[in-house]
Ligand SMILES: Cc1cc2nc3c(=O)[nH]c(=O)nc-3n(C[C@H](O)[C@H](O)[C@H](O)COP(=O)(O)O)c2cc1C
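The chain below stands alone and is given as structure tokens, in the form predicted alone.
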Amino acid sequence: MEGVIDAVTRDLLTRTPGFDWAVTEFVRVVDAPLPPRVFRRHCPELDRPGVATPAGVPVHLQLLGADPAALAANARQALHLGARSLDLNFGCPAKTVNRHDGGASLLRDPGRVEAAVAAVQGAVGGAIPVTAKLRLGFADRRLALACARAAERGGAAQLVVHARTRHEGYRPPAHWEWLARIRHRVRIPVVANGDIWTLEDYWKARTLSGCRDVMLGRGALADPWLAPRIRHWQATGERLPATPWRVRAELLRDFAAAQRSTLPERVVTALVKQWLSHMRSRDVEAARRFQALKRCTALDALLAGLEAPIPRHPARAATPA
């Protein structure tokens, strides 16, 4: 979720109870310890009590890299700055990241996964938990179980597994049944991830994988109230009604207000349209607004357009969650 789930987004998504914890965008580790400002830019919550969002939801710092020594050095730096948990990214499918030997590229060799986790675990000495984000493999699933076991041997306390290979990217379907195979071969908790957009998806993912917990990524942007929706259903067995457009629009305005205090308006405009684009896959009105506003280049005009009347025309959107 690089470039998407920053501190502002984490704050907004966790204001309504639903999430147990959140993860930062990855800190890219190459060959040397990074300065504190890099960690604080990715995780401003390091300077907050408990390394948590303003609502008190813990934030885990994520590292992405391939060199065990460099990962260890940066893990020590993160620990010194107050990190409460470190997550290692072996799941990013981006071509640029993989071409530079990061993310899912390590899934081609379970030994490298184990070495990376072991180096970070050794660096923090058990002072904080080390977790890992995986996929089902790089080109295919032949090494899925081996990579999961390698992460466990390296000392990972938990695995989050996106239920597709790197080559499958984000194309449906997610292979949640494969997570059950992994869960039965490791002794640490496994968290299901991938294609969880609705309550039905949540229940299907849990049923097929046997996992107790799920991680939301793109689904939390498409429906920012999906985690609270799941919590409410767990507690009461009742479905909350679809979130009205005016509430969605208010969230986007709050997002813009927070971002424009530190970012150029053209960047904030692009970010608001990016989030609106995520919403349009699950909300008809968001799809209509995106179609009308996608070429808008002025932030104030974009924000006004979130509420202004727009002509009715067919919109490409799925049934609201």
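Start at 1 with the first residue shown and count on from there. Predicted model only: the values in this text are computed from it and were never measured.
There is another form of this protein, the form predicted together with the ligand, and it is not shown here; the text below is about that form.
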Interface stretch in the predicted bound form with the ligand - options 215-223, 232-240, 202-210, 113-121, non-hydrogen atom within 4.5 Å: 215-223
Listed residue that, although the ligand is not shown, lies within 4.5 Å of it in the predicted bound form (heavy atoms), from Phe290, Phe26, Phe39, Trp275: Phe26
4.5 angstroms heavy atom contact with the ligand in the predicted bound form for Asp195: yes
Partner contact for Arg164 in the predicted bound form: the ligand, 4.5 angstroms, heavy atom: yes
In the predicted bound form, Asn74 touching the ligand (heavy atom, 4.5 Å): no
4.5 Å heavy atom contact, Gln62 to the ligand in the predicted bound form: yes
Sequence-ordered residues of 75-96 touching the ligand in the predicted bound form, heavy atom within 4.5 Å: Asn89
